[in-house]
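Below sits a lone chain in structure tokens, taken as the form predicted on its own.
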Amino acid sequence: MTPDLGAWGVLIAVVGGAIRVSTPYLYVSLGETLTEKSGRVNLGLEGTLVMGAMSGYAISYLTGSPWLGVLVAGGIGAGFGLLHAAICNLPRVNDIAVGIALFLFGTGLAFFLGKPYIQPSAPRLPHLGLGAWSAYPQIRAAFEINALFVAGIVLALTLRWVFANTRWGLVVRTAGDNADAARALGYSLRGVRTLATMAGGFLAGVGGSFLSLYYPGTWNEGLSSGQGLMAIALVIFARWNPIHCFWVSLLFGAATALGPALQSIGYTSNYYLFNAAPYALTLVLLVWSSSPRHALFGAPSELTISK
């Protein structure tokens, strides 16, 4: 018989859910941080996330290798990033409008191509069991950590260091803060932003593969639930800082896990209200970030949204 942990069970479920659910938020937000640091906004990462989820699941099902699915999902994301950059490099093109168009295109394409893979079961990514020390199954389940989560932490630390200490990071930040200075130094503004947008798309695609290959671990048309869009809002609240992206991703993950955690102990009243917690959190953070005191503090100066 499973021990009843009561209120502690809810807390443990929220912590475990935050670790699992935060991973797509983390990858998309890091990808968008990298893109926006170069002076470009990509609102199409929701479509990239969904396309990454579909392609990763399809490759895992067809080849039996979930890690190959992750790699292909990242490649698809980089391709969408290249498409976004190529269109935005044309004269008098608004990157926000292009992002919305690619969001719709990516989502629709994933739904169309993914129909044959809704029913089949694909191999899933393995997990690291860090809760083996506990006799409680709830704790063991909460501390089943996927390698992509650990890689996301390392990536956040690495990006923070790269932006602050390397020539490449300086070039990206210069392109985002002062386009004229980047040109004066001899750098191709289009080239820098294209590479940054492709790298951001790659990370969003990897985040999508986590959804279909680990948690919840299946492919269907309602898989994302707007996580890509919320992750873009997360970047603003995190002030374009990769380390802050990690902590805010955990916050969003905990908000998303709250409803299922309460349901697991039999609390079903207003269940759907608690499921709306991440959307309410997004709204609150956007209002907070848009206040005169906090509006666009730390934003790269060349961003369309800051002009």
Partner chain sequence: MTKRFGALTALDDVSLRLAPGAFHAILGENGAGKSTLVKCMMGYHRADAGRLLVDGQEHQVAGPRGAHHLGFGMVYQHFTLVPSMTVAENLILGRDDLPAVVAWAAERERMEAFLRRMPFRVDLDRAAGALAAGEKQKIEILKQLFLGRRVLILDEPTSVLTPDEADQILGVLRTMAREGQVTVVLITHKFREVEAFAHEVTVLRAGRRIGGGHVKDLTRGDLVAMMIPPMLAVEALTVLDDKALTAVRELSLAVGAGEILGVAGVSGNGQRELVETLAGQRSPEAGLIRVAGERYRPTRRQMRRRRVFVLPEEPLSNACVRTMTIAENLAFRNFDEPPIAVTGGFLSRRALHDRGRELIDRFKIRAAGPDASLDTLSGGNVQRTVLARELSQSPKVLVAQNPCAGLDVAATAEIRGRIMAARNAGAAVLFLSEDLDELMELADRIVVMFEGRLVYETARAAADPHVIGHSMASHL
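Source: prediction; values computed, not measured. Numbering follows the first chain given and starts at 1.
Below, we refer to the form predicted together with its partner chain, which is not included among the displayed structures.
Considering its partner chain in the predicted complex, the lone stretch of 161 to 169, 89 to 97, 102 to 110, 72 to 80 in range is 161 to 169 [heavy atom distance within 4.5 Å]. Just one of 128, 185, 153, 141 comes within 4.5 Å of its partner chain in the predicted complex, counting any heavy atom, and that one is 185.
Of the residues 157, 118, 181, 147, just one reaches its partner chain in the predicted complex with a heavy atom at 4.5 Å or closer; this is 181. At least one heavy atom of residue 174 is located within 4.5 Å of its partner chain in the predicted complex.
The partner is not shown here, and in the predicted complex the stretch 71 to 107 never reaches within 4.5 angstroms of its partner chain through any heavy atom.
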